[in-house]
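We begin with a single chain expressed as structure tokens, specifically the form predicted alone.
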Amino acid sequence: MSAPSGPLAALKAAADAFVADYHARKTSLPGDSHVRAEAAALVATQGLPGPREEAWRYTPLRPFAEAQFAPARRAEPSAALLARIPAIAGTRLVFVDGRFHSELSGVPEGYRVTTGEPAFGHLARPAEEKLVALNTMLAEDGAAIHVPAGTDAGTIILASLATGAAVGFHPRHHIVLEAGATLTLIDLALGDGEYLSNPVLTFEVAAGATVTHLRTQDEGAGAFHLSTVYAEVAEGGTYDSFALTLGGKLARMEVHARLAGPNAAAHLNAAQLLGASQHADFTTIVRHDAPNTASRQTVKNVLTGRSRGVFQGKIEVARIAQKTDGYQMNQALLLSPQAEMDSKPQLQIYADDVKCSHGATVGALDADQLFYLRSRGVPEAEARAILVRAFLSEALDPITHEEARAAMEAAIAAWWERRE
């Protein structure tokens, strides 16, 4: 058999380098060494996702494979980077280059948070998702959040700050909500420069519990953000999420949600705002494994320059999942003739009493609406901003956390000002 060439050779070389890093440091890595060894064997034999894999057809990892990342060391964020954390009331858990920073973090009350080693949990599937195997092999730190039954844990700000030191880090977070508990997790990924952020988050949502997961990814211009989220929702529980993508050279947010009990719900809304040569991919798989479950996905994209957006959304309905209600919509605004949008909605249904639908639209700003605003004396840049905000409002409308929504709106406004 001939040796791989081109992108495959780059991916193999990168996988080999990660495995070599693991073997050089495995005795000092915290957590379950057996779990790590199994993941290392997977990375060594299966490598990294390649262009021949359908799930990665639209998002080639060659630029990531050709970059070099050193193991993260303890670092201090700049004042400017700290200032980018929005002023939102709640407990802060701050990670800098993948490591917990106790001096910048708060101490929660009424629930348990532990840090200092990866919180592997049991929901992640490293044998099926290669980047999860990479995370499992090299994770050094993470937060384990456990909210007791009936407890309102309020708001936690989980901030991942990257100093731009050309490092790679792989945080592993695990969140458990017992029956009837509630939590709002504001998940921030902020940084400068070129680096790799490969976090994995797992959520166990018990009966009647609700977690609201609000994410802002505004990484450095040369950064690679490759995140994976797993959520398993029991009877009457809700996983309610919104993800805003602004930064990074190459970004992919992948979400696996399983509705395991009757009347469970998942909302996977997102907005991707891209410019220059950015590439961002929002990929979701929602498994309806119980009757009377519901899922909602509204994903908006605003693309300028030579950017490329990707949406892959799959709804799987098991035979037992009668009365499933699944909805999926992806819409894109192309503000440049060089911008590109790839959309792949999928339905896989084995039940016969369901209501599932999906749709996708791609287009430019409405010329008539733009002319109307211009004819009323609105400058062109402001008119374009008004129409873009109106386009995004549907995705932002479900966010009920006022401070988080205001912070996201401010981040969108700042992004637009930079592009204009």
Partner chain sequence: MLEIKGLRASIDGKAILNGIDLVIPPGEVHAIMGPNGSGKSTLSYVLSGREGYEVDGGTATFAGQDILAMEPEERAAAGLFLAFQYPVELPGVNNANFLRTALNAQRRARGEGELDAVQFLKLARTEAKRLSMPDDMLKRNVNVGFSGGEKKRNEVLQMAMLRPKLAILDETDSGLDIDALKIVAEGVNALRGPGFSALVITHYQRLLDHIVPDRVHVLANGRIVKSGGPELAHALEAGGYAAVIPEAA
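Residue numbers count along the first chain shown, from 1. Since we're looking at a predicted model, the values are computed, not measured.
Omitted here: the form predicted together with its partner chain. The next part is about that form.
The candidate spot formed by Tyr22, Val35 and Ala41 lies out of contact with its partner chain in the predicted bound form, as no residue has a heavy atom within 4.5 Å of it. Checking Val378, Ala70, Ala55, Leu365 against its partner chain in the predicted bound form, a heavy atom within 4.5 Å turns up for just one residue: Val378. Contact with its partner chain in the predicted bound form, defined as a heavy atom within 4.5 Å, holds for exactly one of Thr361, Ser357, Gln369, Gln46, namely Gln369. Look at 55-63, 347-355, 385-393, 27-35: in the predicted bound form, residues with non-hydrogen atoms within 4.5 angstroms of its partner chain sit in 385-393.
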